[in-house]
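This document starts with one chain, in the form predicted alone, laid out as structure tokens.
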Amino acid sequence: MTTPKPPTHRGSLERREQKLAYLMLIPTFLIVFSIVLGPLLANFWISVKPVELADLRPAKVMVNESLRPRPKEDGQEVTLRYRIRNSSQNDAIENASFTDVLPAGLTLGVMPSGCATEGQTVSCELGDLEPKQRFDIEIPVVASQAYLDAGVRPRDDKAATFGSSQNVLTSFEFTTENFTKIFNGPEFWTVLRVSMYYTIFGTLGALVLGLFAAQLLNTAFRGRNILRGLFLFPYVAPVIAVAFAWVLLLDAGPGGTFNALLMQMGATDSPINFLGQRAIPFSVFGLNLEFPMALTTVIAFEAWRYFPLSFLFILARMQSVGGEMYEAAEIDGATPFQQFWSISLPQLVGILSVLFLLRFIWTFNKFDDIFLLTGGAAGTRTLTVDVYEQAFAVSNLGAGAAVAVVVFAVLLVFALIFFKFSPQDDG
């Protein structure tokens, strides 16, 4: 029978170092949680709450005080009026009350039920206030010359209010009403289809343009560095500037440069509303179809604006491939297309798959481009635009958060499928 060896000093030291390492990582975990997971969990929380913009402000006791009529002489009897109301349209306030310090020179008369005085301080117990409830409390007072000489009014010092109410954001009452509303909405599935169409073709367009630009600028020629810098312009320019430039170029009015060129060349008889026309009908093989004009224009803008990112990554990967392979292929009589298909493309599969994943996620979450170009009109309303419409235009934060949860679910499913079936880089 062998006796177990006692733990060595080295093993104990490693455990202490491991604990110290975890302790040092705690600030990092907290930062990640607060920046990434915190807003995500908050969005899930709001999505199961019937919360609107008005619910962000908790119910509060509002007190407005005044003297009626305004005293003008010593010893004049007037009425101190407190106008009480519940600021919330939906939530009640429990155990409401207020205290108010009156200016010197006002003598209080008979106090109404629920109110008491101590010196110049008035305290009133209001009980429970129903939503939208309003009422007045009137107290007779006598104004002295000292009050008139001071030149102050009761409203100059606001009353302190008290009370408790249930906040829909912090309560533990949940509902699926938001998801039921958006899924049963007449436009949800259309918006989801537009989002997928915009994301897939916008992503593929950016990758194809980036691949073409990288292939073009991978060959050495005079002025190549200057051209590379120019190719980065769409990506580094402010989105508000380039979007406004596209709106001016594609304007259907007299100032639209692109329409003016088309009409001068005889390509069209009338201006085309690129950003305002939902679809253009056409026939192919006896089939009546519609071309999504505004959506296609927005996709073209997406591909043009974000192809430089793909261009940089693809060009860097191309330049890491040795030139000996291309020289051998050229000696064997391979055409440029055959060299690209058999040598370049297999080396680019890995970087293209990563770019497709990143661009898909970013494009699916894209809001500013569409909003600046069309505002989500003319068949360009995507899920991210729908989040804005639900949360702020309709003032339904719960429904907007529910749409955001759908966006998260779609991207999560896509990422899982992508990681399972994504190709590997052969290089």
Partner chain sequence: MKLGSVTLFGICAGAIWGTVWMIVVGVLLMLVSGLTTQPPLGMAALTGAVMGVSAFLIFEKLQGRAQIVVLVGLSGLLLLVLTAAQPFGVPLTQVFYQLIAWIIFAGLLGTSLLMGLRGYTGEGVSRYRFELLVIRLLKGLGFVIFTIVVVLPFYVMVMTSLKNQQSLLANPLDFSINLSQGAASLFRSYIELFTEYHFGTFLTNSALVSVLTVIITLAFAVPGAYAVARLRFKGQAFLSRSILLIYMVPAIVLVIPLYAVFSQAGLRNSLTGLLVVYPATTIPVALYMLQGYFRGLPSELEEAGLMDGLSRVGVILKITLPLSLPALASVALYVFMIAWNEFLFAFMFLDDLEMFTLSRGVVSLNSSEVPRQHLMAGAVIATVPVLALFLWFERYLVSGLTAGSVKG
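Residue numbers count along the first chain shown, from 1. No experiment lies behind these values; they were computed from the predicted model shown. Take the two forms, find the largest set of C-alpha atoms that superpose within 1.5 Å, and that set is the rigid core.
The same protein also exists as the form predicted in complex with the partner chain; that form is not shown, yet it is the one meant from here on.
Stretch 336-344 is the contacting one of 336-344, 196-204, 136-144, 285-293, since its residues have non-hydrogen atoms within 4.5 Å of the partner chain in the model of the complex. Out of the listed residues 244, 174, 189, 162, 244 is the one that sits within 4.5 Å of the partner chain in the model of the complex by at least one heavy atom. Checking 127, 255, 112, 109 against the partner chain in the model of the complex, a heavy atom within 4.5 Å turns up for just one residue: 255. A residue is said to contact a partner when one of its heavy atoms sits within 4.5 Å of a partner heavy atom; residue 394 fails this definition for the partner chain in the model of the complex, lying far away. None of the heavy atoms of residue 380 is located within 4.5 Å of the partner chain in the model of the complex. Taking the partner from elsewhere, residue 355 is found to have a heavy atom lying within 4.5 Å of the partner chain in the model of the complex. The closest heavy atom approach of residue 67 to the partner chain in the model of the complex falls outside 4.5 Å. With contact defined as any non-hydrogen atom lying within 4.5 angstroms of the partner chain in the model of the complex, the contacting residues in 234-248 are 234, 235, 236, 237, 238, 239, 240, 241, 242, 244, 245, 246, 248, given in sequence order. Residue 33 shows a C-alpha shift of 2 Å or greater between the shown form and the other one [criterion: core-superposed Cα displacement of 2 Å]. Residue 91 is among the residues whose C-alpha shifts by 2 Å or more between the shown form and the other one once the rigid core is aligned.
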